[in-house]
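Two separate entries follow, structure 1 and structure 2, each one form of the same protein chain as structure tokens.
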Structure 1
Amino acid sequence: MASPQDPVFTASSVKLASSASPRRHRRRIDPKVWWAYAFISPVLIFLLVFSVVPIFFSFWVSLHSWNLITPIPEMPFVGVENYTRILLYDDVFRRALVNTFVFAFWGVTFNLVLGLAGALLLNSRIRWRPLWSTFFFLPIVTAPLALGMMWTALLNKNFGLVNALLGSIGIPPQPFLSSPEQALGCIIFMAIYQYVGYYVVVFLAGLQGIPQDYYDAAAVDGANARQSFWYVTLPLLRPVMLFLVVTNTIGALQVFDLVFAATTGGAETSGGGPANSTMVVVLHMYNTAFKFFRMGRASAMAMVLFVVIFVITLVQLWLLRHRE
């Protein structure tokens, strides 16, 4: 009979052991798994503390009345009062919402057109391309605060260079940032100036990703330059455009630095002037939270804008995908 010394028995048991045991062994305590968890732990801990917990905390605070000093368990619960207050009674907030939409819509629209035009220009056969592109991209790396200050000086109604230049071609001096009618337009212009280079770079990368064969095929079919632009370039740039519209709308709805630089510090310390014509949501939220210490109300503003951004993003994704 087979005994433990039998070579057949030994071989088969060894084979069994080697096929089952190490695999179970690896699944349970592969040290590499612990290494992987160690490697991702800094990111997870920081995101937990500085992103995930705060987003829930923010919502929680928006249902309370809080001045940042009262201990958290003692904040009075007010339900949706902060929301009804800002949406129904806070004229400045509603004005800020409208201004923020107007700012984002025109800023993104103009930059899409100008950015595409700039990218086509830089992608065509020109000399000194690196020089031109450096000029286009310079404002992207400049702090919005610094750019806001530069344009505020240029657009000064009394001694600004822009009014002097307009005067030299016979246009009367404009009030620019000191006029409720023109101020938001000036801020939109500053934002266009600041970010157009970003659109140019992304469009340029998109243009360079279109295979030359497509243009050759269009040319063989008798397409002229305009037709190949409408029927080859534009459709193939759709994903790039989708990306630009979505990310830049999200960014534009959060505008703060530019408005802060251009409108605070003068007679109206809270900024967003004149007469709230340039008040935007994040600036109003900043004032509410850190000037008046109404954290609940400010958090409600943040949640409203967050939901707005979320919905707008979904609508844009749907619209731009849908037409394909």
Structure 2
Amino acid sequence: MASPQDPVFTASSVKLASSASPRRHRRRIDPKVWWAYAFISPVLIFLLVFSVVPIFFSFWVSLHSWNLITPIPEMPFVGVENYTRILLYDDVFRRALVNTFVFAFWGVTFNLVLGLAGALLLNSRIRWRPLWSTFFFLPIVTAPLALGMMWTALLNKNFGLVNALLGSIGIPPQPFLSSPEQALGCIIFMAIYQYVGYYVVVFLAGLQGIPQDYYDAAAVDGANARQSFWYVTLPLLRPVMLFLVVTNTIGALQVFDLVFAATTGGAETSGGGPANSTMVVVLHMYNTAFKFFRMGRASAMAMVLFVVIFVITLVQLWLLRHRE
């Protein structure tokens, strides 16, 4: 019998070990993993068909001149001409981009402050808290088109209820949506009215998720109410604030239905008016595509907005997470 030091024994052992090693280390996929992929596959297919593919198709269309009538294979290729036109020569697009940024910044900022204030109020010892939460949340379940039409009637400069109330206290009637100086502010106010309840409910859930032990420990250390809010409440609400800021900024930069409903009702306020004071990017994109049939230029606007939203989202995520 060969000894362990025998070269033949050693070589054969190494050979057997090397041949058995792949089999021994070969991992079998758990059937539960296959079931997991099977369950999420419909969502992945949905995202691929209705999100990823349209993005690439929009980018491809943005490099062509298409009037929605010419067959897709016969679209004239124009390269970056559509991007050049909207960025360098389209004054309405630049105005719409500025209006969109203003709307998103002030809308999200005011909603954050008012939402947190409302949540702190509801989180106190207030009676009928569920009723007040429902009252705050009701506007968000209203369709933006209906909400825009409602506020258009309320803010009408001739027979609106708001001007009637202002007149009763001696303030002259205001033009509101008919004024280039006031129209965008009115749109921002409508958005705040609609979404502040959503902020309140989300902030309230975050506040109720903070353990009372943190406040008790702060009180033992001598912290007053302001210090507890600044050093306990706000840091623990940072994930909630990150979620609200990112998701609602993305939504605000894509605002369309509220502006469309509030500014498309007459000669004075048709389509982002007056004087494009409420024109936003998506509304200008809609007009370009379906009123002037310049789908290539509208697709270029969509891609520019996509890049802007992507960059702003990355910056927000970095800033808010970096502060943690």
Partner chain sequence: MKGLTGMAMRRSRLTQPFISILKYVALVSVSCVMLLPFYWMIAASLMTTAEIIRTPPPLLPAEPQWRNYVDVVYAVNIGRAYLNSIIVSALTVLGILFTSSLSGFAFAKYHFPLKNVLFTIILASMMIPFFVILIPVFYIVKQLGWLNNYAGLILPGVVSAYGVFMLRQFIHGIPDELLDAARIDGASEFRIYWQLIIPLSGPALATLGVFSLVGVWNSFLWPLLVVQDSTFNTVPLALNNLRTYGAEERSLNLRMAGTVLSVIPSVVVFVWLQRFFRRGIALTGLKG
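So that the term is clear: the rigid core is the largest set of C-alpha atoms that superpose within 1.5 Å between two forms. As the structure is a computational prediction, the values presented were derived from the model and not from experiment. All residue numbers here follow the sequence of structure 1, with the first residue given the number 1.
*Asks:* Could you point me to the form predicted together with its partner chain, 1 or 2?
*Replies:* Comparing the pair, one sees that structure 1 is the form predicted together with its partner chain and the remaining one is not.
*Asks:* Would you say Tyr37 moves between structure 1 and structure 2, meaning its CA shifts by 2 Å or more once the core is fitted?
*Replies:* It does, since the Tyr37 C-alpha is displaced 2 Å or more between structure 1 and structure 2 after the core fit.
*Asks:* Using a rigid core superposition, assess whether Phe46 undergoes a CA shift of 2 Å or more between structure 1 and structure 2.
*Replies:* Yes, Phe46 moves 2 Å or more.
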